[in-house]
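Before any questions on binding or motion, here is one chain by itself as structure tokens, the form predicted alone.
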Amino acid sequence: MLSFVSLGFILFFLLCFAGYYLLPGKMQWIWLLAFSWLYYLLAAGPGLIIFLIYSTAVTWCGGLFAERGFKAAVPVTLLLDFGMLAALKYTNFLVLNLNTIFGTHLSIRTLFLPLGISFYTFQTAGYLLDVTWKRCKAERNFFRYALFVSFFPQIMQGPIGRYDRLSSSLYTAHSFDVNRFQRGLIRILWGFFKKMLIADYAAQYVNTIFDPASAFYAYGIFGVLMYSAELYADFSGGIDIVLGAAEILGITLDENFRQPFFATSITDFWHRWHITLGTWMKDYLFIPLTLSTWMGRFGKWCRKHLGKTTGRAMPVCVANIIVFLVVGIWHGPAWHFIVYGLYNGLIIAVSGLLAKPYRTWKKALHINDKSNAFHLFQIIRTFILVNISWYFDCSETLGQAFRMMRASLHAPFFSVTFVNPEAPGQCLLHFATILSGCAVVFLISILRERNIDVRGRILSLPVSSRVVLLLMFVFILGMLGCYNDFGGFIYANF
């Protein structure tokens, strides 16, 4: 796999960058398409690109038919598109559960899961629905549409793009812009910092504690804290590299993170974490659900039998539970992912139902919900709830998640050197690097939460200061960065 933090990817991107700006503007998108397909061939292998082309062709044809008013085109295309994802990703999960429930002996097939399939399937389905709902026009040129689906920085782990926002940027001629180049380069280095100084070191602890054969189940609390660091640094760091690379090429992608650990509720957390997945679910699943005929009837029944306040909230609560059930299934074909999704959905649903009692309780207890103390309480409460969810997200089975949660209640004292007791000094250095990296990310997050343009501030420095800062950054990565890429980027396996 051609990882973003590999020398191979850096050379690949430099070659793409050089040719991109040497070519005439009208040829640039063709160059990008060629490199996008080449990247997928190198990263996923020649046998799996057929699924990418299949999804592209099916939804391209479906969009053309949908625009011309063929109503059957939409459900048929969605069935073909999501059917491929379901067949490849969920067949064995279904077979295992059928065997368990009915005592059958259906055989498990060896199925290859194409890299990025969960991302490009959602992106193509979103395009089809946007065409159907007149949010954008269908693309007549198959190869231009193919670039939208397969643009190489984003295909592995998003962000999930929208055709109406991305198309103009993809196909427009771009001239080299020094300012965009510098901003993109800073963002790429920031992604490297998160991945190499936090995520890959934290992965050593996570992999040790969450190993099914681990003797360290009782370290679960420490494990989920390390998983928080790993997952955020890995996923957001990868997205930083994606957005930075695209910015250098003059292309603007949607933001996917906005300081999620400053969230004051689980709802707020999902407005800040994996933003493009959340908006996809809202636009294409949540809103259609709440506006559907059967949900209207359900809401009417609830208002009649449960009262106006609860009756109005119930349809939204049910829609949220369904949405997060789908989010859990999207994460993977396993019960622990499904419970992970339902956990988030149920918290949001219950919070919606209790919104009015919350206001009453706060008033009765004279709690000022505008105070800094209450705001801090909300952040800490949300952080705890999110970390509880990581037990389900990171464990390999649902049973393991519950065993680790139970064992975590009796956590013993321990040393951070347990991952490699033969090299305690190295373990301490790695742990100190994780903590230092998290402190830097925390400080930058505070600045961004205050709407301070950190990259803009850096670019406003004198050239000599910028060069020194850049060299320091590269030196730190070279001296302290982890060069063991544990399985690549987590979300690239989706």
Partner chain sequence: MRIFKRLCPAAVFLILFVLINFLLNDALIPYQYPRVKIHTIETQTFDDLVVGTSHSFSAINPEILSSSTGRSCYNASVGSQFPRDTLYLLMDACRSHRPGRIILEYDPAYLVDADRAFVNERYFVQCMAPSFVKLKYFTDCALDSDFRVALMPWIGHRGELNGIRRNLQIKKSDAWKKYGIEPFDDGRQRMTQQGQMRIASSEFNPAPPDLNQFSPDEIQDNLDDLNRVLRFCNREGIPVVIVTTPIPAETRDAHTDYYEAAHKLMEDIAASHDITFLDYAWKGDSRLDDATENYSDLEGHMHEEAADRFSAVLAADLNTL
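Positions refer to the first chain, counted from 1. What you see is a predicted model; the values in this text were computed from it and never measured.
Just so you know, the form predicted together with its partner chain exists too; it's not on screen, but the next bit is about it.
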Contact test, all of Ile101, Trp335 and Leu342, partner its partner chain in the model of the complex, heavy atom 4.5 Å = no
Please run the contact check for Ile50 against its partner chain in the model of the complex: heavy atoms, 4.5 angstroms, yes or no?
-> no
Partner contact for Ile347 in the model of the complex: its partner chain, 4.5 angstroms, heavy atom = no
Look up in the model of the complex whether Val463 has a non-hydrogen atom within 4.5 angstroms of its partner chain, and give yes or no.
-> yes
Determine whether any heavy atom of Pro24 comes within 4.5 Å of a heavy atom of its partner chain in the model of the complex, and answer yes or no.
-> no
Among 464-472, 448-456, 65-73, 26-34, which stretch has residues whose heavy atoms lie within 4.5 Å of its partner chain in the model of the complex?
-> 464-472
Candidate from Ile266, Ile209, Met404, Met196 lying within 4.5 Å of its partner chain in the model of the complex - any heavy atom | Met196
Enumerate the residues of 201-219 that have a non-hydrogen atom within 4.5 Å of its partner chain in the model of the complex, in sequence order, or give none.
-> Tyr201
